[in-house]
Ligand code: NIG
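In the form predicted alone, a lone chain appears below as structure tokens.
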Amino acid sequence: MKRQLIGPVKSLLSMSGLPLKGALTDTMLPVSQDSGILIHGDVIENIDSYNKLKEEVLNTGTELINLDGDYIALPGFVDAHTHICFNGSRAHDYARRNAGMSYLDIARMGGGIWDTVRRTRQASKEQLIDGILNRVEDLIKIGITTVEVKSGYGLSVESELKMIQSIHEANRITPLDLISTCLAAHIVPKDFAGSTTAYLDTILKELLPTIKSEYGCHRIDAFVEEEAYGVGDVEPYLRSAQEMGFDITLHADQFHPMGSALAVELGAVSADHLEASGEREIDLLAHSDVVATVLPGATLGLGCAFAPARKLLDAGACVAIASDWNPGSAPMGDLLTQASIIGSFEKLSSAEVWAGITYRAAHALRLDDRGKLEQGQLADFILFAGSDFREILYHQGRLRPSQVWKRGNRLI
């Protein structure tokens, strides 16, 4: 396997040794100067002084990649919650919300998620794959190296399967890692001839075994909300999915404090959204192993409050930050900008923001082989021009990576 030494890196933030849960200060950040990144195949072999590593690899056939100028190195970003498999636009919904209509009122009128369902059902698998790949190109430019992608705009066995197949095929084409999640319990399909329980039973029996065995999808999500699924409706479905070997994540507490308590009870991997979480929900999440994934893109798209990231961290929770990129409530899709903004509003330290989009986000996907720059981790890292890591968040997304590396291969 190929060996490469990249450096010298003026300032390297490894994120090593930081805790998985709770608040972080910038003084805790492990920052090294004039470092080298030694790669063997697709993993990091060592991080050390560039000059020391250069001496060690002389005459070993290791490729030397010299950096001209000052660079800041960070682990590749992980976007742990997206809906980038879709067709169509909901610009009309956005305009209606800005004119005063609520998200739930628009949904009751036939807009919202159901509008995207209709358009996504009409799309071919090839169109969905192209859409994913085009959006992935945008993600690469901002330093995303791993991205979770949900279904949920099919809401029938046939159309949900088409979405999972599209995500699977796109993952074979793109250099990024696409982690598929089945969100067949997004909303109750308006055209299903039966009860909510009957629909979920159909998904359990006719869809989940196929996506697990044939497409390696091992994650299940559900939207727990008044206009989607109540706790009583969805709990048996989620427990059955767990018995089948699926990991569980939930859309929780977006408009009402619903879902996070269920996520804790089930031992879910994560509870996502949390804009409506109160003191009880914060305490439950902080005293559990459930990752609290906050989605500032939904706040910016809907004009609602940010999730209480500061309170969650201070209470001891593991907080990840994800974009929620989707055509309705979070159309921006720019994780770096969103993370910078929630940092300002929720008073998050730089360390807490970086943790939220690197190793803590990876943990929300149960991918503990990435998110840090240390021996044995995947060689997923990004380089920003400059020497002071504080400049990156200061520019609120305007400063983009100069280089993006995925599994030891340079993408840009």
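Start at 1 with the first residue shown and count on from there. Fair warning: this is a prediction, and the values are worked out from it, not measured in the lab.
There is another form of the same protein, the form predicted together with ligand NIG; it is not shown, and what comes next is about it.
Novice: Is there a non-hydrogen atom of Y153 within 4.5 angstroms of a non-hydrogen atom of ligand NIG in the model of the complex?
Specialist: Yes, Y153 lies within 4.5 Å of ligand NIG in the model of the complex.
Novice: Hey, in the model of the complex, is T249 touching ligand NIG, heavy atoms inside 4.5 Å?
Specialist: Outside the cut-off, so no.
Novice: Quick check on S329: any heavy atom within 4.5 Å of ligand NIG in the model of the complex?
Specialist: Yes, S329 is a contact residue.
Novice: Report whether the minimum heavy atom distance between D324 and ligand NIG in the model of the complex is within 4.5 Å.
Specialist: D324: yes, in contact with ligand NIG in the model of the complex.
Novice: In the model of the complex, which of 198-206, 337-345, 258-266, 81-89 comes within 4.5 Å of ligand NIG (heavy atoms)?
Specialist: So the stretch in question is 81-89.
Novice: Considering ligand NIG in the model of the complex, which of A307, L285, I113, I144 comes within 4.5 Å of it through any heavy atom?
Specialist: When ligand NIG is considered in the model of the complex, the option within 4.5 Å is I113.
Novice: Tell me, out of S270, S180, Q254, S166, which residue has a non-hydrogen atom within 4.5 angstroms of ligand NIG in the model of the complex.
Specialist: The residue from S270, S180, Q254, S166 that makes the contact is Q254.
Novice: Heavy atom within 4.5 Å of ligand NIG in the model of the complex: which residues of 97-112 qualify?
Specialist: Read in sequence order, the lone residue that approaches ligand NIG (within 4.5 Å, in the model of the complex) is Y103.
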